[in-house]
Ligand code: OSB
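Single chain ahead, by itself, as structure tokens, in the form predicted on its own.
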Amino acid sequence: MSAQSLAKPFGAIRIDSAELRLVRLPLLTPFTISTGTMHEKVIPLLTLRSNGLEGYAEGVMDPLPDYLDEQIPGAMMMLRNVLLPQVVGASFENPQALEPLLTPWRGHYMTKAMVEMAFFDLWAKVLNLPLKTLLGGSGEAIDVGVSLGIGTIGDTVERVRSHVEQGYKRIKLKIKPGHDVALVSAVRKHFPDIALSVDANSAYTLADTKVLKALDPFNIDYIEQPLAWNDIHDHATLQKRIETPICLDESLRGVRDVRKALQIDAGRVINIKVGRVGGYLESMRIHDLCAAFDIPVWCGGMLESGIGRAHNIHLSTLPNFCKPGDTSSASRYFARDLIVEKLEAVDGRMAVPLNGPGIGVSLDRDFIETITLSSESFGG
């Protein structure tokens, strides 16, 4: 289903008010990738309200710009001073009507995605439909994989064993220079037949081609974002030199980037993160383009709470999401989530949350109050 074919609700939706919170959610265990270690998730949480209904979204930017150039202080400023004053009190027939308000601002993809995603959730609730239906998805559950942070080889092998026993459909290992070939070799020795991928988070350069090529014999599904976060061209050069498919993540901020990457064979798998590309409309454009190129996509994770996790699950019901995403059980990361419902995988499958229309989850308001760092209201 293309973004242009989405149905309109009956009449425009007026945004009566908005609430912007900043919450701190501790991680059960530290999560380490090539750029550093995370001990907690600080999450901007947005609520848009209309006629007694609420739409929710969370921001996936980090406190500091270590994944991409976006960061929480800038996002809060854009929401507080620019985007929410334009949205609150205005009316929109559908997300396409909201898009012209967001697109003039350069960058801030994750911030703009928050507004658009919250509106999508609200729009679905106005229509009394699950979000997946408006996106063009289908099915009651999706295949999910798991992403394992950097640790010792022995510990990683045991974590792989645990998650294979839990039925996850794909195991992804975080790698970095000096922690790559030996790690993958050890995992493959113990688990020769599992679906396996690796994620470098931009830790390598073309000078490391020999190391990356040494991963070819291990039958890896893909190497995710091995080179620079703002590069496409060098990935095309690397793809010519190695057999393992490259999956692009950080270097793709929209459908134009994806088109250019596919045209020069810079990647043969695409990771769609709805926050990274600016929202659902752009995610669906990327999905449709990749389908036209016969390129598979999957939904990446950013250690989201249940709000972002529910959004990701609904997106993953679209037909070209044919590889397991990172939407594993929330209990792997958090002792208590921001939502009442339990988003837990069973035998590598995650049920689509359908406890009501929209994203199908409800806020754990009492708990959110205890972890709120700041709260602001707009309108109403």
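Note that residue numbering begins at 1 and tracks the sequence as displayed. Because the structure is predicted, anything quoted here is derived from the model rather than measured.
The same protein also has a form predicted in complex with the ligand, omitted here; what follows describes it.
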With heavy atoms only and a cut-off of 4.5 Å, decide whether Leu27 touches the ligand in the model of the complex. no
In the model of the complex, does Lys132 have a heavy atom within 4.5 Å of the ligand? no
Taking the shortest heavy atom distance, is Phe31 within 4.5 Å of the ligand in the model of the complex? yes
Contact of Val42 with the ligand in the model of the complex (heavy atom, 4.5 Å): no
Given 282 to 290, 156 to 164, 297 to 305, 253 to 261, the stretch touching the ligand in the model of the complex at heavy atoms within 4.5 Å is 297 to 305
Looking in the model of the complex, is the ligand within 4.5 angstroms of a heavy atom from every one of Glu19, Leu122 and His311? no
Checking Asn201, Asn94, Thr209, Gln71 against the ligand in the model of the complex, the residue with a non-hydrogen atom inside 4.5 angstroms turns out to be Asn201
Given that the ligand is left out here, which of Asp249, Glu116, Asp180, Asp221 has a heavy atom within 4.5 Å of it in the model of the complex? Asp249
Where, within 153 to 184, is there a heavy atom within 4.5 Å of the ligand in the model of the complex? Residue list please. Lys172, Lys174
